[in-house]
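Next up is one chain by itself, shown in structure tokens, the form predicted alone.
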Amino acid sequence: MDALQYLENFLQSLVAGLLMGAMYGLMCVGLTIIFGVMRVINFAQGEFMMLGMYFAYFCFAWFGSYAFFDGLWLPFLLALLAGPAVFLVGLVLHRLLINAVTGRQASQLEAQGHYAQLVLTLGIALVLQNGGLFLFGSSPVSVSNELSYSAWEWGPMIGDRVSVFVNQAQTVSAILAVFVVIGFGLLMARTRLGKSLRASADNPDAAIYMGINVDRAHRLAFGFGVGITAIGGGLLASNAPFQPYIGTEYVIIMYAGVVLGGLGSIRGAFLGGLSIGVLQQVSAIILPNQLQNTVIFICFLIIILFRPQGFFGKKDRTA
């Protein structure tokens, strides 16, 4: 294999990594919202991503049979709608279960409720996994259309020897992921709701004195966090097959991306997920697929060794 062939493989992997990393980054943003506002490590985050995938899948199976729906763009629309649907699920779960071990209620528990939070979110993950297995079955499924099997060609370049093929479905998904992150970032920075969420994260006691309902802010943060991750799952469903236990595979990637970017940082979480996508795809040039996650965590450990707070995190940063 000559140098130009290596160059073509590298560019192909780099482009694929950026597109996949954008979806990873979106899912990481959902996770960092929950931690940044609530200080909760949510082990069930991958299962909410799985719910977003199956929401898109079953809605596509239902609406795709009607002629007045454009099946070409329908999977991406349904991926966006998965966010509000799982947002409502998150609100209900927070009200019924998670609220009891977070916020002011957590101060009455041992270790500020952190032990209970870990056990509870792990229990929710197991219930959602096995409930999904019972309801949806174990066979891998996907939401695919013509764009999933189509690509744009960049090139040929360098004497007609180098061409890069860009998957159309992944490109649309990556663009939507970027817009969702930008939209939520503007909501957090410019709106009264966003300011109340940031105030609840920075100093809950002061926020209460200012008339902010911290419990409501935590509930909304949890709903936003799982809803945004569900959108990422819905977008990913157009690019890869999935089954009810897929959340376990991706929750590790999400936590690695969040820690790399800096806990509580939206920009950092997105760039952390983007970095993991690039590392995962580029490493496949020289390593088998089974070792891709190994490369991710080697780089993760090196970065954390020299910068424990992540790329954009600060010791006093909370949201």
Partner chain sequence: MTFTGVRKDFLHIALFGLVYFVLALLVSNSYYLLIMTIVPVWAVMGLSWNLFSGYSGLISFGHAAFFGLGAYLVALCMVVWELNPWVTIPLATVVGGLSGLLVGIPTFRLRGHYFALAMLAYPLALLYIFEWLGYQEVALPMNREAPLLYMQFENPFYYVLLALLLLLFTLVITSLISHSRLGMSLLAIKLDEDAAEAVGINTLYWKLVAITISAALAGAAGGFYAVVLLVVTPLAVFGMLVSAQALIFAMFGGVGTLWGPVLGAIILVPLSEILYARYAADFPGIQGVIYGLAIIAVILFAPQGILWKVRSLLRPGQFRMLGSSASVADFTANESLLAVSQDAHNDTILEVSNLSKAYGGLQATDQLSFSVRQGELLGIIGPNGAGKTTLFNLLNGFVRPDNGSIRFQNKALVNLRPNRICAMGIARTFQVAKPFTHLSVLDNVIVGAYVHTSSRQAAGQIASAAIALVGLQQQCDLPGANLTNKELRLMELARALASRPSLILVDEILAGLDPEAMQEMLVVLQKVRALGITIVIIEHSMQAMVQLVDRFVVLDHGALLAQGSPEDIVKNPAVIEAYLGKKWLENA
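Numbering follows the first chain given and starts at 1. Whichever C-alpha set is largest while still superposing within 1.5 Å between the two forms counts as the rigid core. Quick caveat: nothing in here was measured; it's all calculated off a predicted structure.
Not pictured, yet referred to below: the form predicted together with its partner chain.
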Partner-proximal stretch of 248-256, 53-61, 22-30, 271-279 relative to its partner chain in the model of the complex, 4.5 angstroms, heavy atom
248-256
Within 4.5 Å of its partner chain in the model of the complex, do we find a heavy atom from each of V119, F134 and L291?
yes
Since exactly one of L176, L91, L74, I124 fits, which has a heavy atom within 4.5 Å of its partner chain in the model of the complex?
I124
Could you tell me which one of S163, S150, S144, N130 places a heavy atom within 4.5 Å of its partner chain in the model of the complex?
N130
So in the model of the complex, does any heavy atom of I182 sit within 4.5 Å of its partner chain?
no
Please tell me whether any heavy atom belonging to Y115 falls inside 4.5 Å of a heavy atom of its partner chain, as the geometry stands in the model of the complex.
yes
Although the partner isn't part of this model, could you tell me whether F10 comes within 4.5 Å of its partner chain in the model of the complex, counting any heavy atom of the residue?
no
Would I41 show up as a contact with its partner chain in the model of the complex if we use heavy atoms at 4.5 Å?
yes
Give, in sequence order, every residue of 164-183 that has a heavy atom within 4.5 Å of its partner chain in the model of the complex, or say none if there are no such residues.
none
Using the rigid core as the reference frame, would you say I296 shifts its C-alpha by 2 Å or more between this form and the one not shown?
yes
